[in-house]
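Coming up is one lone chain in structure tokens, specifically the form predicted on its own.
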Amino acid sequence: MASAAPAAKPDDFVAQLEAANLHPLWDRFRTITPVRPQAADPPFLWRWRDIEPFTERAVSEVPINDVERRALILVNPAFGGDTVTTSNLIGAFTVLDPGDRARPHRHTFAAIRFATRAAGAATIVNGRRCEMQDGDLILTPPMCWHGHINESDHRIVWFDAANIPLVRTLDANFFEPGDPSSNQFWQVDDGDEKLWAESGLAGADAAPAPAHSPKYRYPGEAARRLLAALPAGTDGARTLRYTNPATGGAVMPALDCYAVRLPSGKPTRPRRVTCNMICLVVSGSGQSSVGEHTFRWTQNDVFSIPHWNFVSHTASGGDADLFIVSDRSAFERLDLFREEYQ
């Protein structure tokens, strides 16, 4: 009677599976199904005092007519030189001198502009002129034609954010340049933006809203009034969400924006969420603890909050305001959003 063939060793079996382009779940279960999210990037702080000299150099050394945008992107070194601020998101500062026009274009990724020192600038979005005043939020939703112009007599800077890394990961980006010589693009007024200028009111016969907000400009003055009136939330801060007036949800399917007012000297309750955030310091000073890191910040500084890190903020010397852009709405649509408080 013939003897049975010796059983294959487990390592030999795995090697044979891999050679056949198969992977055994039991061999790598913990690798592909970790027990909790683990951000690849630590939080990072970019100080405005370090950025500002580079904005001045960019104006003198980079003619606006030679480039698509004169913007400085905030890069976390944890991503090995890739152009990423935190997972799924980039933040940046754009600078325009008097008379500059940032040529029109459109693209698949969603972007926003937050006016830091932008009074006198305007962003044209889908044929609407959106003036930029202190603290204004301007949306440029996916595949909406947009361009920027500085018609003031002074240099202008604003904060940008976009979900470029997410769209690149999905390999879903399309980009279409506009005609930089077309003067007609810039000769518009606020157009349909007037239809969404009054809070809580909408035309009864308005067409069905797109996935993104039909309102593109959210005035900073209105946000400041509401922050002053809001009660403190669960974490101790006053927080407002910029919403789509047609649905009450996030302003865009993959970008979500918030304004936060921190009370002086009172740390917010530590909280962590599955989404990623970029924080711009709009006013005041203070510090934030993100995971094991603590940063002191002041006006126009920017810091990242990678997903699933406990974070607490404390204003010092008076209240402080933060503007936060996140990918929360994408996580909500995928049923992946989760939060915890300490």
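Residues carry their position along the shown sequence, with the first being 1. Owing to the predicted nature of the structure, the values given are computational and were not obtained by experimental measurement.
Note that the form predicted together with ligand GTQ isn't included here; everything after this is about it.
Undergrad: Have a look at 264 to 272, 242 to 250, 227 to 235, 140 to 148 and name the one stretch with heavy atoms inside 4.5 Å of ligand GTQ in the model of the complex.
TA: After filtering at 4.5 Å, what remains is 140 to 148.
Undergrad: Flag V157 as yes or no: does it have a non-hydrogen atom within 4.5 angstroms of any non-hydrogen atom of ligand GTQ in the model of the complex?
TA: V157: no, not in contact with ligand GTQ in the model of the complex.
Undergrad: Does R113 reach ligand GTQ in the model of the complex if we count a contact as any heavy atom within 4.5 Å?
TA: So R113 counts as contacting ligand GTQ.
Undergrad: Whether A71 contacts ligand GTQ in the model of the complex should be assessed with a 4.5 Å heavy atom distance threshold; does it?
TA: Yes, A71 lies within 4.5 Å of ligand GTQ in the model of the complex.
Undergrad: Report yes if any heavy atom of H105 sits within 4.5 Å of a heavy atom of ligand GTQ in the model of the complex; otherwise report no.
TA: H105 belongs to the contact set for ligand GTQ.
Undergrad: So ligand GTQ isn't shown here. In the model of the complex, which residue out of I164, A254, A223, A118 has a non-hydrogen atom within 4.5 Å of it?
TA: Selected option: I164.
Undergrad: Tell me, which of A259, L96, I90, A122 has a heavy atom within 4.5 angstroms of ligand GTQ in the model of the complex?
TA: Among A259, L96, I90, A122, a heavy atom within 4.5 Å of ligand GTQ in the model of the complex occurs only for I90.
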